[in-house]
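Just the one chain here, laid out as structure tokens, in the form predicted alone.
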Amino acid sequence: MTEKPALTHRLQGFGASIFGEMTALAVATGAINLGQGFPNYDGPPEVLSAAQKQIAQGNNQYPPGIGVPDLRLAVSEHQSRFWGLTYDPDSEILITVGASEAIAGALLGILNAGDEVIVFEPLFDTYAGLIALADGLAIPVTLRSNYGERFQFDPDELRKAVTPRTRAILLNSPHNPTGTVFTRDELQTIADVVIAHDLIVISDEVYEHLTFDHAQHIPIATIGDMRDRTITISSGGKTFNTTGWKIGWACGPRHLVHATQMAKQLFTFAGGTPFQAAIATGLRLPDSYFVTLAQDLQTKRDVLLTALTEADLNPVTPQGTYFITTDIRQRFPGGDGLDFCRQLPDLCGIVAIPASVLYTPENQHEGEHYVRFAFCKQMETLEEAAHRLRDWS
């Protein structure tokens, strides 16, 4: 009998995550891990103590499938308070196991076999796999940086990417890994394409509060009539330094949230009951918390940005997120980012991520000379990393 492959055809070509390889390399060499985007410090004590209290009080069983009512209300309040968007907490907000589950639910809930989803690359590494699981096809529009300027897309390339099979645009702003915060004009261009072709936007906004240098995050749902065409997704992980809690949410018109929920309920149904209550506490923190959060990260960004510049790694200054993307060609002839990252622990005791893995396979050449570093670390960690980079330079 001929042995059939165990792996579904939808996942053929998706290998083991580069993050696992680089993390193992950091452990084996004792290098500072600036590869994975998670903080090595805790979130606000009000949020942590709220979770502890909920656990101690026995709030540890299944929550409602759509999420704890108070968190749905807190998300609704947050969207109105910061972005002027109004959502009914009972029918237009869904709590998920992290933003990734919300994205997966949205894609599986709205895509039919063969539908196309436009993505901006480099892209968060799960996007292409999730689109494939939904039996869709990712159509890349590439963000490019000219001479170290912010990464941006070509509007004509976006317009040409649309076909009769296009169903949705998957947007991420502030953008991982480039740090670009899409401008109002860029969002208007996307909105014009969406409306002209009757598309849906799935908008990943997990870094919504992490912007720098007066860059302004603008939810695409606030542009014109886009609220009724947009599933807005975020989470508490990045905003409250609780990436391991996996509490996310999706906001949108009732029919899009319903589609997302129909798929999402087949994964986990619901989870994280005590953490849902704690994230509700976080979303109601005063404005000063959110301002200080961004200011602290900007200071950390600048420490690493200066060291990468001095090491001739040509960083592109990010407007938001946890990450700095560098162009290694000046320092590393040939510009092979994967080879560079495998050598970097021995060269200077730091681990980073090659950005080429964040492009669709046919376009990996676009990112082969880029490397991503994370600065969401304790200042002591970043100062030691900066010291190692300077010694190497």
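So that there is no doubt, residue numbering starts at 1 and follows the sequence shown. Because the structure is predicted, anything quoted here is derived from the model rather than measured.
In what follows, reference is made to the form predicted in complex with a small molecule, a form of this protein that is not presented.
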- Can you check 155-163, 70-78, 274-282, 121-129 and let me know which stretch has heavy atoms within 4.5 Å of the small molecule in the model of the complex? 121-129
- Message: Between Arg227, His217, Lys246, His258, only one gets a heavy atom within 4.5 angstroms of the small molecule in the model of the complex; which residue is that?
- Response: Lys246
- Let me know the one among Val206, Leu143, Ala307, Leu108 whose heavy atoms come within 4.5 Å of the small molecule in the model of the complex, would you? Val206
- Would Ser100 count as touching the small molecule in the model of the complex under a 4.5 Å heavy atom rule? yes
- Message: Would you classify Thr211 as touching the small molecule in the model of the complex, given a 4.5 Å non-hydrogen atom cut-off?
- Response: no
- Message: Taking the small molecule as it sits in the model of the complex, is Asn241 in contact with it (heavy atom to heavy atom, 4.5 Å or less)?
- Response: no
- Hey, in the model of the complex, does Asn172 get a heavy atom within 4.5 angstroms of the small molecule? yes
